[in-house]
Structures are given as structure tokens and as C-alpha cells.
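Quick setup: one chain, the form predicted on its own, written in C-alpha cells, and binding and motion questions come after.
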Amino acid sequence: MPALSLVLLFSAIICCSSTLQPVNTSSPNIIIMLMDDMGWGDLGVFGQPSKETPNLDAMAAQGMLFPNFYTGNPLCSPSRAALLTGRLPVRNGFYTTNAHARNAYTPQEIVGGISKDEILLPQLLKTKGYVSKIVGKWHLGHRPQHLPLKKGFDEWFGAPNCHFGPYNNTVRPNIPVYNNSEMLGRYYEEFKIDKKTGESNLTQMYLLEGLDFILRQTEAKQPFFLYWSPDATHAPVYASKPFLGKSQRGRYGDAVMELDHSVGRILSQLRTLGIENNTFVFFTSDNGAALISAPNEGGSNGPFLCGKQTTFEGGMREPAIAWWPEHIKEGAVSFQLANVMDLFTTSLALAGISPPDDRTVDGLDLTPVLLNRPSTVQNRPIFYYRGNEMMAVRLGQYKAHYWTWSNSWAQFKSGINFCPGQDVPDVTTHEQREHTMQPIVFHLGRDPGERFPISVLSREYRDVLSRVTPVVDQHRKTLVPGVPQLNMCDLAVMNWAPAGCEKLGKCLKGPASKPWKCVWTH
């Protein structure tokens, strides 16, 4: 692996370079750190007792904590599409109409990907001279037209899909790892993940790639956008040897410790380079912890109900920290209802760019909240979507469920449980139940676990509905769904021969094209 060795050696050398002088630019650098399947309850600052996140806890003490921060969808691919477009997945096309209220994503056999009609954050930042890099997981389509460098990013080190495997490369190929537009190798081959021990150096590689990018752009006096998207906390969970066996929670905790260490290294580099006051950093996760993988390879959603794949709080409420010294007041806590789509609009505002005016943008500008200025965003709603269905809405402290479903009886009986040990009668149902005529309402302040519905006979219930119903009606009336991108599958489109495979002798022959409608079970 000469190419990979050179990349790592070069990164290691430059990370030890001398301190640079502070750079004065009109537009701040932007770093978004998006974890994979990390839960709200995995951080010490949110009550996790295992002491795995000292750097993230310090980041929160130096910045602003968002206890009411949400993803755009309870699954990986749609949530990432929401972040980078500022739009609900039902608008940007990252959903399926093959069945009602089904979660869909981008496995290798998916034909679609992020639509050519969508405008992504790095494309807009480029108009103000930003250089953008994604490090880690992309997950918005693996075919050439969908890859990051076609969607505004200038650099990429990472993979287009989840690190599932290993595969035998006959029925299904192992996932490629890219450096920019060409593959460097594949997971489980050149990029090792030992599923038996949990050992892998991928997080270290992602850290060095991020540090290298920050240094190069600082030296060039160039504003930058770093989208740092490691996936160590997604099953199969992994960590490098120095972290294995070090946590109180087994392999998952080890992965959290290494990610926390990496966050600390990145923030330290910003200080060393003298650019911390000109760099906005936001840390969050793509969806709730995958309780189906717990306890060995899944995290904690704290007091919240269920986890990944569901529109209960455990599936969509995320850990979130904003950090920007000299701009964000230290130790601040904002109870503002916020969403990952807000990072799109907020990043544009920081760069002095107006959001596109030819489409609906769901993300709101959080800079008034971050900078403690008068704000009009306090009363905004949060919509909880699962596929093509709006399942619930939150307004203030109240959440109204219009549909409930965890997963099917067939899936549940096969051992797939999204809410282990958390059954709530008539709420965590195994068949889709509609409550449009009489929504199930919870007060999330008194009842964050969604266990005690407010009585439909109470004045409180009637008052909540009088405020929520117009919001829902207006949303449904004005919603124009995008063309669904996650309906069709085909084994022929898998990662058989990615760009660069010829140089490495890693091209594989795939089957003939036989497309079918993807089956999404939950």
C-alpha cells in the first residue's frame, strides 16, 4: 500500500509543523462534525457516567449546548441529505414511495443518489471562495454522478457507503475508499477492519486527513469548510489499538473515546494555528443510537424512547455543541428547538451568502441564537418524517404523534427490536397506526420518555391541538414532495469498478443489469 502509506506519512509530518500566524479573513472557517449513530446520551455533558468524552464536555463548557437539537430523519442517508441541502428528505428526494412510511438509504445496490437539482452547501460556499473537504462517510449515492467532487466538494477522503462487510467480491464487492475522485483500496482489504477484535485505524486516518486539510488551507489563507464524518460508532464498531479495551462500555465506548480524542486534537490544532476565533465548529450526530446493536455495538439515547429508525425522541434527538471562541458565550445552553438542516442556513449566513430563493429551505439561521441576539426562531416546529409520511410534530414542549410505528411484527419476531425494554402500550406499536383525527400528545419537559400521553379529555390537550393543528395543516398544504431517489435497486450498479480501480488492479466484473423496486422493511 505505497499510496496510502505516503498519505499517512505526509499527514503525520505536517501535523507536527510549527505554529502559523493568525489569519484574518472576513468569512469564518466552518467545521461540521457529524457522528454516525451516536446517541444523545453518549456524552458526559448529557449525563453519560462512563467518562468517555472529556474533550466534548470541555467543548460544551467553552461553547453552547443544544439539548433540543434534531436530525432531519431517523436514518443515515436522508439525514445527511437534509444537512447538506437544508431541506427535508421528502423535499430533496431522499425517501421512497415503494411503501408507506419506510426508511430508505443508499446501500450498494441503490440506483439513485442526491438529485442533480439539489444545491449542496459546498457549492454555495464556493461562491465566496471557500475550499471544501469531506472526510469519512458520504452516503448520498456511490455512482460517479453522485459523488462529493461532483457536488461542490474540492477534496474527499472516505467511502461512499457504510463499512459493512467483508464480502467475497463475487456476489457483492467490498466498499471502496476514495482519495478525491479515485479509489485507494477497499474496506477489509487495504483498509482493515477486524470484526473479531474491533481493531481499525480508520478514525486515525480520518483525523490526520482533517488536520492536514486545516493546516493547508490556513497556510494558503483560504476560508475552508471541513465536513468531518467518521463512522466508527456505526456497527460494526471499531477503534484503533490504543483505545481498545479502555472504556467502561466495551467496544462502542472505545470508539466514542477515540472520536472524543480526535475532536480534542482538531480543536487544539485550531488554537495552535491561531484560527480558533475565526472558525465555527458544530458537533452532532446523524440519527439516534442504534439500540438494535446495543449494548456491545450501540450507544445510549439517554431518557428518550427507542432509537435509530424511529420517530420517537431516541431516534431523532441528537447531541449538539456549537463552538466559536470570542463569539459564542462560554458555558451557554440554548433550549431553542433546532435541526440539522439549520446548519445549512446558518453556515451560509456566516459566510455572507443568501440561501437559494427558488426552492423551500427548511433550515433556519441560528446565528441570532449563537451570538445571543434578538431572535424570531424560538417558536418554530420540528417535523418528524419517516419516508413519505409526517409521523409527528413538536411545537414548544409538546409533541403530537399523527402516526406511530416501531417496526413490523415479522421483523420484531425475527429479533429486530428498535425499542428494547421500552414498550409503551399503544405507542411503540408493531403495526402502523394512524392518529390523525386524535393525535397522541406528550409534554416532553415532564415526560421526555413519551410514556404518559396527555388525556384527550383535558383542557391542556385541546389547547395544544388548537396551536399544533394550524401548523400541521399549513405544512401539508404547502408541501411539494421531491422526486423520490430511493425507489430502484440493481446489483449491476454496485461498487464493482470504481474510478481508479485499473491502477490498483482492483476492478471487478459485475452482473447484467436487472433493476427492481427496492424493498424497505421498516
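Residue positions are given as counts along the sequence shown, with the first one as 1. Worth saying up front: this structure is predicted, and the values here are computed from it rather than measured.
The same protein also exists as the form predicted in complex with a further copy of the same chain; that form is not shown, yet it is the one meant from here on.
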query: The single option of H142, R249, K151, R91 touching a further copy of the same chain in the model of the complex, heavy atom within 4.5 Å; finding: R249
query: Contact assignment for a further copy of the same chain in the model of the complex, among D426, E434, D423, D117, heavy atom within 4.5 Å; finding: D423
query: Non-hydrogen atom contact P448 with a further copy of the same chain in the model of the complex at 4.5 angstroms; finding: yes
query: F69: touches a further copy of the same chain in the model of the complex, heavy atom cutoff 4.5 angstroms; finding: no
query: Contact flag, H443 vs a further copy of the same chain in the model of the complex, heavy atom cut 4.5 Å; finding: yes
query: 4.5 Å heavy atom contact, Q397 and a further copy of the same chain in the model of the complex; finding: yes
query: Heavy atom distance at most 4.5 Å to a further copy of the same chain in the model of the complex, all of F164, Q269 and M341; finding: no
query: Answer range among 77-85, 297-305, 231-239, 359-367 for contact with a further copy of the same chain, defined in the model of the complex as heavy atoms within 4.5 Å; finding: 297-305
query: Those residues of 37-55 which, in the model of the complex, come within 4.5 Å of a further copy of the same chain by heavy atom; finding: W40, G44, V45, F46, G47, P49, S50, K51
